[in-house]
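Given next, in structure tokens, is a single chain: the form predicted on its own.
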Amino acid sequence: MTVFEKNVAALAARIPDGAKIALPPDYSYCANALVRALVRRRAKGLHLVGVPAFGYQGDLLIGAGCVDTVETAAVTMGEYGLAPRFTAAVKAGELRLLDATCPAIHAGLQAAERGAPFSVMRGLIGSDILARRPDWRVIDNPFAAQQGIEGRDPVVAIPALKPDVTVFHAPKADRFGNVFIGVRRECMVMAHAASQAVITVERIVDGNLLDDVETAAGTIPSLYITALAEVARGAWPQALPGNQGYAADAVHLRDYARQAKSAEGFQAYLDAHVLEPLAEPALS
């Protein structure tokens, strides 16, 4: 049964230190109000999984000293440049990096989603990344002969990737705890694969989203949602995609990318926009 929390601080308290946390990409549904609450909680030892990549939200956690391990295909702020605190942490040797590719991240999550021990894929064969991931195994296709393949047919076995917690911000949930994510299907896979899903939403609506043919296919049933809270503009300064959403605060993100290049600038950013819980601008 989904627990409805009063605020992001209560949600952040549900995420333990050392948790493996799945984060969506910057173009999806980013729970930045919850990320800021984790910084204020002084979370430690987190293992971030980018699905399949992340930027601002993860960079904030890394810069605040909340992260030990990063498992992702990329960390970037896209048009705003490099992720500055991630870049600094890598140069200083402060992070354990688990390099991956976009398909490999999804393959691992899909295995966990199905309750399977691993998924297989071929695209990694011949790449340098295999030398950096000893937990991925090259095995022979056991069905090669039956499929008319002569000789060895190597494939890469990607172990199931099961996060402790999935975190994202969605447009809406109903009072039964069902969460609408629309076309952002990575959020559904993340919720299925993880042990828990801790979610923020723009608003809580009446009725049942699963009873409405317009929303049912894009709704995660409450069975997969551990806890949620209503947080208006919970994705800010990033966008909430879709007709009912809002654009990214490009000025703010550009300023962050510039300011966070130095440790002193990043601390000033935290003081101004993160450590004060009511720093988000009002909805215009």
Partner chain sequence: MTVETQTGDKSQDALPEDILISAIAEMLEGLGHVAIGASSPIPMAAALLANARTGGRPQVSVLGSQDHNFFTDGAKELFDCAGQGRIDAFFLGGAQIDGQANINLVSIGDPDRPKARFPGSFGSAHMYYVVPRVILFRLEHTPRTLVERVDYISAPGLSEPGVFRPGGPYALITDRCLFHFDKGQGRFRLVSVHPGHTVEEIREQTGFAYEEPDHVPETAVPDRETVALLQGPIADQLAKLYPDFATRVYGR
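Numbering follows the first chain given and starts at 1. These numbers come from a predicted model, not from an experiment.
Heads up, the form predicted in complex with its partner chain isn't pictured, but that's what we're talking about next.
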Check all three, D128, D153 and E186, heavy atom within 4.5 Å of its partner chain in the model of the complex: yes
- request: Please check if G242 has a heavy atom lying within 4.5 Å of any heavy atom of its partner chain in the model of the complex.
  value: yes
- prompt: Would L97 count as a contact of its partner chain in the model of the complex, using a 4.5 angstroms cut-off between non-hydrogen atoms?
  reply: yes
- prompt: Is there any non-hydrogen atom of P159 lying within 4.5 Å of its partner chain in the model of the complex?
  reply: no
- prompt: Is P52 a contact residue for its partner chain in the model of the complex, using a 4.5 Å heavy atom cut-off?
  reply: yes
- line: From I204, L210, A144, L82: within 4.5 Å of its partner chain in the model of the complex by heavy atoms is L82
- prompt: Residues in which of 228-236, 255-263, 66-74, 33-41 have heavy atoms within 4.5 Å of its partner chain in the model of the complex?
  reply: 66-74
- prompt: Considering only 96-113, what residues come within 4.5 Å of its partner chain in the model of the complex, judged by heavy atoms?
  reply: L97, D99, A100, T101, C102, P103, H106, Q110
